[in-house]
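Only one chain is shown below, in structure tokens, and it's the form predicted alone.
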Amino acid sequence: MTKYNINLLVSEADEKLKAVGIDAGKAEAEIILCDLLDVERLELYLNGPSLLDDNIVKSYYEIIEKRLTRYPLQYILGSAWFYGRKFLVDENVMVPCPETELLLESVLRTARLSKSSPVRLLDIGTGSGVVSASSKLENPELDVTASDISTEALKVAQSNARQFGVEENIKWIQSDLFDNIDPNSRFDIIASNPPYIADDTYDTLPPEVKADPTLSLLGGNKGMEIIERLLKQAPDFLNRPGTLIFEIGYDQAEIIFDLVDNNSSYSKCMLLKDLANIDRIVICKTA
């Protein structure tokens, strides 16, 4: 059997991936090998050569070739990491971004400070279910409802919740924002990562982002159409006090705060930046 050199496999892939604009080529090559061998990165270099065989290396090269087209690695592997857990993903859901972990952390922090028992969370546009499932896993006492306009996305979210044993502990609703949410329902927290990319900027997006469902990306003119609906309708479904937490685009904070200032349903609103110092999370409290 051929003895393979991990460093050589990784360096060759790194060079090819960087040539097509993928800066994290080395890291991606390691992720692929770790996924194929089901090992952690340290074990990859310690025991990888003894675990590799011709079939695994063949699969590795096939994945690299597909990734060279700039098709997202997460879709190729069928999984993505979020908050320390491996979630299933496919073309029906947006690949979860590290920035969305800030949304989750904001939800968990708000829940800890809430005096409600139980704290009721509505995850609007749940997608792959990373926020709803992670919220329930991190805080089992949360009463979680997850909704999405896409029935296919809901299937992925339910599959993820099932693999972590919380599918039956989350309520699932197919809904365009609040359209199918019981009008008598009240939540302590409404969380969302809504579509916020302006339609006319779609052509400028990286190929990996374009692979996400357009339903999850595009928010109409200035990317604000869904956010405006969210801000307008959320107070009708929030307890007093209650909290709306959602992600935004890098250039939308000023517009959003103008909208909040003209909406008497909100008492205060704050902005969180991500690790790159980019406007990322808006947290609004109901009056």
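For every residue, the number given is its place in the sequence shown, counted from 1. Computed from a predicted model, the values in this text were never measured in an experiment.
One more form of this protein should be noted, the form predicted together with a small molecule, which is absent from this view; the next part is about it.
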Checklist outcome for this item: Only one of 93-101, 156-164, 73-81, 182-190 has residues with a heavy atom within 4.5 Å of the small molecule in the model of the complex, and that stretch is 93-101
Item to check | Pro235, Pro241 and Ala287 each touching the small molecule in the model of the complex (heavy atom, 4.5 Å) | outcome: no
Item to check | Any non-hydrogen atom of Val130 within 4.5 angstroms of the small molecule in the model of the complex | outcome: yes
Checklist entry - Hey, in the model of the complex, is Ile226 touching the small molecule, heavy atoms inside 4.5 Å? => result yes
Next on the checklist: If we define contact as a non-hydrogen atom of the residue within 4.5 angstroms of the partner, is Ile149 a contact of the small molecule in the model of the complex?
Outcome noted: yes
Item to check | Partner proximity in the model of the complex: Leu88 to the small molecule, non-hydrogen atom cutoff 4.5 Å | outcome: no
Checklist entry - Which of Thr145, Ser175, Ser114, Ser106 has a heavy atom within 4.5 Å of the small molecule in the model of the complex? => result Ser175
Checklist entry - If you check Leu137, Ile170, Leu215, Ala198 against the small molecule in the model of the complex, which one has a heavy atom within 4.5 Å? => result Leu215
